[in-house]
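This document starts with one chain, in the form predicted on its own, laid out as structure tokens.
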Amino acid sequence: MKVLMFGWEFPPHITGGLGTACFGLTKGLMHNDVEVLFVVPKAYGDENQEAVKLINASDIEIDIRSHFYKDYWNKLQYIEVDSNIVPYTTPEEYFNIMETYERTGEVKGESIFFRKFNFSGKYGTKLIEEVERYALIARKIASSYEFDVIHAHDWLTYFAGVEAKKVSGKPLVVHMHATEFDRSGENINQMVYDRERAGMEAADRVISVSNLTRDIVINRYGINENKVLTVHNAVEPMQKKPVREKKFFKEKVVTFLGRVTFQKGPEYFIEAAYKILQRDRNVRFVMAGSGDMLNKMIKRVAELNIATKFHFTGFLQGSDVDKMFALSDVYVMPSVSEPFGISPLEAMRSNVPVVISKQSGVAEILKHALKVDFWDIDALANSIYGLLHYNAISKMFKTYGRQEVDNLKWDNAALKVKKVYQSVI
């Protein structure tokens, strides 16, 4: 079986759990005899391709005057004028060519529209433009490769999946890793919501990363429950036995690692830290991540007068994440709405006990983790305090937590995804 898979990021160039999940899933699919063609907007050349054939959308050349791309022509006109796609003509020549094309559908001489798009692959100000271009490129890719099923991850790639389905006639599976309600609460971006809904409506199956997410997909987007299936994420096994980093300070370390955004509940972590420090000054707190609430969180730490016990590292990835866990005594994920949450699994894999919110998908499958409501700061502080001060409890969660995550394998998750593919082929 061969899968054409669309994703916005792939390790080591990631911004969060999505890229990590894509990598783990593709390795699991490889072990289940599924070949994956993985399309990214921009490849850097250092990606691990042991389990995938990586297709760089920035390398794909198309001629957008072709009727093959007619459906997208109107959408792309405003993009192309701004991006100066014709560097060797004057503005007057360009608009003359455009006028001729619109009137006759023909362009005399060599096509000025035969080109590649140089994607940034980022989440910047021109994200929507890149999403549209990516969907356009998907048409060319889908017509150039043989495959059995299409798999698109999150809303950024849903339209690419839809276009690939139109061209190839192959079934489409979309993967919902996070909904707009998770990211924004009730203040949703309507445009993103509409794209999520349209992608799921066009899909033959929708995979959700938790039952929590499945309920949102069904109840908030109106998607037929019969085509929405839950496949929980997993975690990559440690390549070597976890070791403790040598500390050059006496305090214990409590870590928050994730995007500093509304969804992740960073403010609850800070308020709990303040309560703990009223009882025990022998603790340091680390907020590892970046996001739109970072400056607000720094200001709040200053207001509470706990800055000497609080550290902001910025975004961490790769070996730096492992080092952070190796220094940590407790890991905390107080998310307001977490579709799944791979980071607690990574912490437990490193022998770090965890406190997670009940409002997370990973809480559905973990037994050896302390679970609290994200808004209950007292319960959050008490849970952290207990793991820091009662060695028997901490040791139990370390031992059994590590055993638990060792059984959460991507091979098993991938087998469930393969069964989803088989149900639509």
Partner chain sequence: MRSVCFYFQVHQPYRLKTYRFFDIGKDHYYFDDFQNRSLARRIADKCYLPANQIMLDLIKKYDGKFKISYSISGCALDQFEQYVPEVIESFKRLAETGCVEFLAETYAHSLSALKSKKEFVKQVKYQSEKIYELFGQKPTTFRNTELIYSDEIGKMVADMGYKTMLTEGAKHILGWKSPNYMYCNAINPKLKLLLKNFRLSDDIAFRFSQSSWSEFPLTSEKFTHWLNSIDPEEEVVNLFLDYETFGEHQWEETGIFEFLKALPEQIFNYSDYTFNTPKELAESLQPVGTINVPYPISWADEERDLTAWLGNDLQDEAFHKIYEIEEKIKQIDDFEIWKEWRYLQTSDHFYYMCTKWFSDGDVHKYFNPYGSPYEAFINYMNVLSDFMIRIEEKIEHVRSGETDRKENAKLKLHKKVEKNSLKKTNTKTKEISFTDVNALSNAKIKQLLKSVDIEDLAYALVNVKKEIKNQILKNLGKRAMVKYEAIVLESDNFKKADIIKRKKAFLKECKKHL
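Small disclaimer: the values here were computed from a predicted structure and weren't measured. Numbering follows the first chain given and starts at 1.
Here the subject shifts to the form predicted together with its partner chain, a form of this protein not shown in this document.
The closest non-hydrogen atom of F38 lies beyond 4.5 Å of its partner chain in the predicted complex. Mapping the unseen interface onto this chain, K299 falls outside it, with no heavy atom inside 4.5 Å of its partner chain in the predicted complex. Though the partner is left out of this view, E364 does not reach within 4.5 Å of its partner chain in the predicted complex, counting heavy atoms only. Proximity of F397 to its partner chain in the predicted complex: non-hydrogen atoms within 4.5 Å are present. Among the residues I276, V131, M293, I188, the one placing a heavy atom within 4.5 Å of its partner chain in the predicted complex is I276. From the list 276-284, 146-154, 257-265, 314-322, the contact stretch for its partner chain in the predicted complex under a 4.5 Å heavy atom rule is 276-284.
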